[in-house]
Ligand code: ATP
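Single chain ahead, by itself, as structure tokens, in the form predicted on its own.
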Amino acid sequence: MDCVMRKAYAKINLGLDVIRRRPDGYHEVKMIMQSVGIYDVLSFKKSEKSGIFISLDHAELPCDQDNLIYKAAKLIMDAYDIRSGVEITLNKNIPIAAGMAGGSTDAAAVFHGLNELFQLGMSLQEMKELGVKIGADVPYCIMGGTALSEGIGEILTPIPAPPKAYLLIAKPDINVSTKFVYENLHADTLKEHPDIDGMVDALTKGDLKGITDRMGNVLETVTVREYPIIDRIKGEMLMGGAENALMSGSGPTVFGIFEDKEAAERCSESLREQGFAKQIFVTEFVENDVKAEAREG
């Protein structure tokens, strides 16, 4: 096999709680992770020259060892003593610095891609154990679908996907530092925590209202204070018919869950017309075995 292509799906957090800051500096979390139909496309090709060669279509991203794609490829090639080279091409669609695990999901695609390209025979568990060395979100991105994420993000429990619904996803024209958000979060003083256990129960029962009623993200206490546009987008989505709206991850991306696709599309146009965001998508939830397509609208 000389060439392999993989889709790398973005994620949102239907619920995100931070339990505490650990002595080692990491934060202990409890989150519901969900794949959505926005994805990057990566292609992998064996190279006659040894080394890792990355080409991409986005000027903001590095092509060297600072890129998570490079780090993932090097980790795998060192672990499996792969002497030949690899050429990796990235077509970027997921918004950058958006709270949607764009870098982590690209790294996860490298595990799947090189596993197939070089016929390494890695199991999903072996990929996840290696992947956590790159970043806490990488094991989830390797697995995809719907999952309860605990620990620093590496303890994953698959759960049933939400019922069919439509997602309006909008990333305002700002970039948010995940490090800044976590450094300014005071987990021990949080007064409210999302009901993650209740959301797991609602997901298990296929209860969309039970899911949307429990949406919450404690990181909003930091990010929304710095960037009020996030709250304005949430408000616009709620007025536009969303069952609920929430910031994903450390932000600034906001998503709304709609039962009616036409309402989601009308709200999309309203957000665009008012200049709230340029990167706006109407899409759906993605399960592990579903090849959903996103439409940038």
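Nothing here was measured: the structure is a model prediction, and the numbers come from that model. The numbering used is simple: start at 1 and walk along the sequence shown.
What follows is about the form predicted together with this ligand, which we do not show.
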{"query": "Candidate stretches 195 to 203, 77 to 85, 90 to 98, 220 to 228, one within 4.5 Å of this ligand in the predicted bound form by heavy atom", "finding": "90 to 98"}
{"query": "Any non-hydrogen atom of Glu48 within 4.5 angstroms of this ligand in the predicted bound form", "finding": "no"}
{"query": "Contact label in the predicted bound form: Pro139 to this ligand, heavy atom within 4.5 Å", "finding": "no"}
{"query": "4.5 Å heavy atom contact, Asn67 to this ligand in the predicted bound form", "finding": "yes"}
{"query": "4.5 Å heavy atom contact, Asn184 and this ligand in the predicted bound form", "finding": "no"}
{"query": "Partner-contacting position among Gly131, Gly144, Gly102, Gly153 - heavy atom within 4.5 Å of this ligand in the predicted bound form", "finding": "Gly102"}
{"query": "Output flag, Lys11, Asp106 and Thr178 jointly within 4.5 Å of this ligand in the predicted bound form, heavy atom basis", "finding": "yes"}
